[in-house]
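Only one chain comes next, encoded as structure tokens, the form predicted on its own.
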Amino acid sequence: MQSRQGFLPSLDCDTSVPVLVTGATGYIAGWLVRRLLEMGFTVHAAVRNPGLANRMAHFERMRRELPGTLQFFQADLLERGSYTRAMKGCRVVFHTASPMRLAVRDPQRELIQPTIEGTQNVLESANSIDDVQRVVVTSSVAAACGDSADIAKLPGQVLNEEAWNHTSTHKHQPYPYSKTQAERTAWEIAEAQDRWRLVTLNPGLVLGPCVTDHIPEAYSFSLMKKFADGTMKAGVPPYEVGMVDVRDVAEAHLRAGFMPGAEGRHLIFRDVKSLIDVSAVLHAQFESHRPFPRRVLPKWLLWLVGPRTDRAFTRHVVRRNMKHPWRADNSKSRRALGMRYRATEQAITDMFAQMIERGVV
């Protein structure tokens, strides 16, 4: 079965060989598992607790409706060797599991350490399993750029796959720092061996509906909720970033996993949108549902009151991200992976419509 985009003839998809997806209950991973099952793969789904029935109902439906086979394996990011059993027999490993928390009390313990050690543990298991030929790691544009102000210092003032985040630390932007250090760790491990190939994907802000029965604890859902619950009624920050439909991110994983020539890093986004652009889409589609923000807040006001409303929204974050243009080049993903992206407006609409249906907004 093919997706809206379809697969290119050059994809090497031997569905008789199982594949591993780490963090299978996640936002991106859910769509990836679905696509793999549509294609007829046996998917080894690594999750922390397979016994959580409320998080597994959508998988049971996939089992009934789709031609592939789904097998669950218990694994923990911080437990060395816990992915080895799930990885046996797998030619391709999709490592999507990663903590996604912006507001943490102890960034090193709650965010940075689990992200780096999780990547180490998965890739060390790949080193021990002869079957593995390729590992696809879900990174982030945050690993290429920590603050929007950094882009002005790049050649042509455009972000591409050559760029790395050099400004985030465990104190300033700890989430981008965790993604940067984890991806660097992945490349160090990959370059120390020559049996399997590493491909990394660096998505922008991921939007769109989920496949789960519960709304996941993903940043984009909490952001979307703020448009509707009054948090942003006074206005939105002057911030922009590359945005992408979650279904396209899953498609990019498939192509990175099975296109013979796939290599290196890939910025994954459709186009650049501001937060006021997102609000405009919500106004057009759901105006009768909620009073969405209509104006952009001045940077000076955010600098003054931001730290009082959100501990992660420091004055340094405001200074280096608000009203700075975000420009990036996604041509490698289009050229090398053959990506044809959905409209960002559709991702926003589908996502918010699902949140209304689920009663969370």
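Computed from a predicted structure; not experimentally measured. Note that residue numbering begins at 1 and tracks the sequence as displayed.
Here the subject shifts to the form predicted together with a small molecule, a form of this protein not shown in this document.
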### Summary
Per contact check vs the small molecule in the model of the complex (non-hydrogen atom within 4.5 angstroms), the hit among 136 to 144, 159 to 167, 123 to 131, 192 to 200 is 136 to 144
#### Entry: Whether A97, K179 and A218 all lie within 4.5 angstroms of the small molecule in the model of the complex by heavy atom
yes
### Query
Which of these residues, L275, L267, V206, I116, gets a heavy atom within 4.5 Å of the small molecule in the model of the complex?
V206
### Message
Using a 4.5 Å heavy atom cut-off, which residue among R48, K332, H316, K323 comes into contact with the small molecule in the model of the complex?
### Response
R48
### Task
Indicate whether Y175 is a 4.5 Å heavy atom neighbour of the small molecule in the model of the complex.
yes
### Query
With a 4.5 Å heavy atom cut-off, would you call K299 a contact of the small molecule in the model of the complex?
no
### Query
Should V92 be classed as touching the small molecule in the model of the complex when contacts are defined as heavy atoms within 4.5 Å?
no
### Non-hydrogen atom contact T25 with the small molecule in the model of the complex at 4.5 angstroms
yes
